[in-house]
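Consider the single chain below, provided in structure tokens and representing the form predicted on its own.
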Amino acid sequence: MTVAEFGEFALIAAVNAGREQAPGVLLGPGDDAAVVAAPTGRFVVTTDMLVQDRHFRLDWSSAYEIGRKAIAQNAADVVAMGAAPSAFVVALGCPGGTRVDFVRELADGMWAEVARSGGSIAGGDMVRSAQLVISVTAFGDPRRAPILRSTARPGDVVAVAGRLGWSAAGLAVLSAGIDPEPFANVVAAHRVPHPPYGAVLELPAAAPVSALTDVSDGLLADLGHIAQSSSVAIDLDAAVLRDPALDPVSTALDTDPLDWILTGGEDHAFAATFRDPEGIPAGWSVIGRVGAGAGVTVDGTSRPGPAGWESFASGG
């Protein structure tokens, strides 16, 4: 059955049936708006949009995988501010001929990632559109003072938690049209990112973290935001960044895997600066240093070409 045949309100009821709201959602779907608790008297809020054939392809990803991805990229933004995800609001636009089972699977994927990140889906909207469009707004409860991009200082070290370059490698495999089976690990990473939420949310209160971002557009691009906002320079160590797990893919595609690591987005790893190189928590790996100056370099040299994804650039 299609969503046009099923009807808007029946579809809303179907995707919400049997879902359990997290304690932070005081009133979920069913009224004109949701009611979400604010335990500290404030929210961290972010929103992101996914458009069919720009952010995902239906011939590359299942509805479940798309749902996971939609939640993960928003949850990662909330966590990157030092907040725990508490509630999500989802707006879905889809053609009338979309199968009801597809929407159910999409919702299942969203709820699976919500369970992994925390919180629940408090409500949203559904409309007819020419193609599939998903917009997610995420709310988070601050666990500490917001961790900003503008507070890195010379002398800090740069560290990451999570994988880098895997999603870009998976995208390269799919784009090349080769058999994805030998490279199932990176293809899966492209279809469903796995942000290491706990690496941030479980940071000790005394952890000397000074600035933080999630790596959504590319390591160079996202660290570039920290460098610009903090008026500092960042230099990365290429040898430390290299990941042997990417070598089989790079050999097959005759590509330097460092390009994926530096400019590939959507892994949603976390990159942070720390004041004390001796105080780096478990789960984080040092990849560079902060100094005086501007911009991001690799082994002391500026890397040519785009630093990562930019929505309105050519090809973005």
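Treat the numbers as computed from the prediction; the structure is a model and nothing was measured. The numbering used is simple: start at 1 and walk along the sequence shown.
Quick note: we don't show the form predicted in complex with another copy of the chain, though the next part is all about it.
*Asks:* My question is simply whether residue 206 lines the interface with another copy of the chain in the model of the complex - judged by any non-hydrogen atom within 4.5 Å.
*Replies:* No, residue 206 is distant from the partner.
*Asks:* Is there a non-hydrogen atom of residue 254 within 4.5 angstroms of a non-hydrogen atom of another copy of the chain in the model of the complex?
*Replies:* The answer is no: residue 254 has no heavy atom within 4.5 Å of another copy of the chain.
*Asks:* Does any part of residue 263 reach within 4.5 Å of another copy of the chain in the model of the complex? Heavy atoms only, please.
*Replies:* Output for residue 263 is no: heavy atoms all beyond 4.5 Å of another copy of the chain.
*Asks:* Indicate whether another copy of the chain has at least one heavy atom within 4.5 Å of a heavy atom of residue 39 in the model of the complex.
*Replies:* Yes, residue 39 lies within 4.5 Å of another copy of the chain in the model of the complex.
*Asks:* Just to confirm the contact call: exactly one of 178-186, 136-144, 155-163, 104-112 touches another copy of the chain in the model of the complex at a 4.5 Å heavy atom cutoff, so which is it?
*Replies:* Checking each option against the 4.5 Å cut-off leaves 136-144.
*Asks:* Please determine whether each residue of 55, 94 and 149 possesses a non-hydrogen atom within 4.5 angstroms of another copy of the chain in the model of the complex.
*Replies:* Every listed residue reaches another copy of the chain in the model of the complex, so yes.
*Asks:* Could you check which residue among 84, 89, 232, 241 gets a heavy atom within 4.5 Å of another copy of the chain in the model of the complex?
*Replies:* After the contact test, the surviving option is 89.
*Asks:* For the stretch 111-135, return the residues whose heavy atoms include at least one within 4.5 Å of another copy of the chain in the model of the complex, in the order they occur.
*Replies:* If the 4.5 Å heavy-atom criterion is applied to another copy of the chain in the model of the complex, 111-135 yields 124, 125, 126, 127, 128, 129, 130, 131, 133, 135.
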